[in-house]
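Coming up is one lone chain in structure tokens, specifically the form predicted on its own.
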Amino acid sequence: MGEIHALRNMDDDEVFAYAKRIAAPYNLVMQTKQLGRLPVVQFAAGGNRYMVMEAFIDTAGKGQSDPLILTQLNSTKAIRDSIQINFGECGLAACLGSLQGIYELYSSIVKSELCVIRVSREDHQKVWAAITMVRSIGKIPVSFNLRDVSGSIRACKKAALECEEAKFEYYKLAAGDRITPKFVETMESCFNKD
């Protein structure tokens, strides 16, 4: 609790530095500051879970001339392969009906992409575990990070947008005065669309 109390007394620049030092997402640290506690994932009573996953793609230094394009097909194949490797044929068979694929892909500001994956409530932890064990798609290294789990697609879209807004704040800080006001205005107008 002492760290959360200290966090509440920090200004935004200190929160950014603190998030960087502990290697935590800025938006999560900022949300913790605002709430005065760690955020808790709330689940709806519905039968599906929607997971916002962030895929970090590493094409540097691997001799790959073409960057990886994350698609529904290659992402779903990688997830299914991981389920089979880590949970066997029975685990894959149990999840096949519930893993309903990747709904939406969001291109990101940095070398990562966001996707929303729909899966049944009963199998979401198994699928989540399998996704975190995916280390490559094709020959390109990739790692996944869970950003949000929700019972509705609307809540996941909101979480994806918040993630992108936080990344843009990082980008603005890193770019400093090299970023043009027109670019900032364009990006912020994208975030304000419903």
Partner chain sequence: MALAGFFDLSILPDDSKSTTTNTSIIARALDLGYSAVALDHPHRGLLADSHAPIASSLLLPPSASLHHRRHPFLQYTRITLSLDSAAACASALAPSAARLLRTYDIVAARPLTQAAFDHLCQATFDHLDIVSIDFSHKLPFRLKLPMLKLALQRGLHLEIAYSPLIADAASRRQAVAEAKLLVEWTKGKNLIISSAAHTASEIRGPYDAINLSSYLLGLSTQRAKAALSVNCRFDMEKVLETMKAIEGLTPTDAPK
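Numbering follows the first chain given and starts at 1. The structure presented is a predicted model; accordingly, all values stated were derived computationally and were not measured.
Same protein, other form: the form predicted in complex with its partner chain, not shown, and the subject of what follows.
Annotated contacts: Glu3, Thr32 and Arg37 are all free of its partner chain in the model of the complex [non-hydrogen atom within 4.5 angstroms]. In the model of the complex, Arg135 approaches its partner chain with a heavy atom inside 4.5 Å. Although the partner is absent from this view, Leu173 contacts its partner chain in the model of the complex, with a non-hydrogen atom inside 4.5 angstroms. Its partner chain in the model of the complex is approached by Ile85, whose closest heavy atom lies within 4.5 angstroms of it. Among residues of the shown chain, Ser152 is not one whose heavy atoms approach its partner chain to within 4.5 Å in the model of the complex.
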